[in-house]
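Only one chain is included here, represented as structure tokens and corresponding to the form predicted on its own.
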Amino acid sequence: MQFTSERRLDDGVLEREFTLGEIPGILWTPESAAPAPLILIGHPGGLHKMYPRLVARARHSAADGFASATIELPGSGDRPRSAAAEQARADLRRALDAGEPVDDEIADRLVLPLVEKAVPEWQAALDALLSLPGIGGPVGYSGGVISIGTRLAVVEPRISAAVLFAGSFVPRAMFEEARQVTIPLHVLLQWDDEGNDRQAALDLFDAFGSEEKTLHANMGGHTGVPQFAGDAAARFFARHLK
């Protein structure tokens, strides 16, 4: 991990951009000198495009005493593109624009290779982040592509709790993995999300094997998550990471 920039935000949060090999990322840490629990902030790709929302989430978490970090997804931002992934995205857009259902084959081609590449990168980032002074455990995962969060919850024992956003298509293969998830979950669902299969999201929630799992459903589209839903997610992390 190499830090490439550093600045102090007006609320005292320290923001540092870094690279992990060829992967760009951002780390935010609160002013407190004590080792802070860590929240991994997921997103759908495009680190710079997503920055306003990412930094808002990080500052909210810092106010609660948490460090936050994020990395760019494979094939997003300035990272090399995959021809197969670009074709899958084009097929997805074509189906949505035509008002057609998104079949399992498109979801598989789009999501499963992304999960296979992204999850080991998140684990490598976690290795590097937990070696830094001022960052301790436990660790939470928040948001992003729900299939990535599901896989991480299964394979990464250092993640103690997760807030998952039900806003992306889910391959059928992920339902079996969901049954293996045992950590506490808080799942956010926008009821009228135009780019999400609501029934599949409900079925995935039902499949999660966690004894503690909460579904927080709100009316509205993909970007209409109300502030109080974010507050509920923050209280969830306060219960499980402190």
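Note that the coordinates shown come from a computational prediction; the quantities given were computed from them, not determined experimentally. One rule holds for the numbers: they count along the sequence shown, beginning at 1.
Omitted here: the form predicted together with a further copy of the same chain. The next part is about that form.
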property: Proximity to a further copy of the same chain in the predicted bound form, single hit among His48, Lys213, Arg53, Arg179 (heavy atom within 4.5 Å); result: Lys213
property: 4.5 angstroms heavy atom contact with a further copy of the same chain in the predicted bound form for His60; result: no
property: Contact test in the predicted bound form: Trp191 vs a further copy of the same chain, heavy atoms, 4.5 Å; result: yes
property: Residue contact check: Asp206 to a further copy of the same chain in the predicted bound form, 4.5 Å heavy atom; result: yes
property: Interface membership of Thr19, a further copy of the same chain in the predicted bound form, 4.5 Å heavy atom rule; result: no
property: Stretch in contact, per heavy atom within 4.5 angstroms of a further copy of the same chain in the predicted bound form, of 22-30, 191-199, 35-43, 169-177; result: 191-199
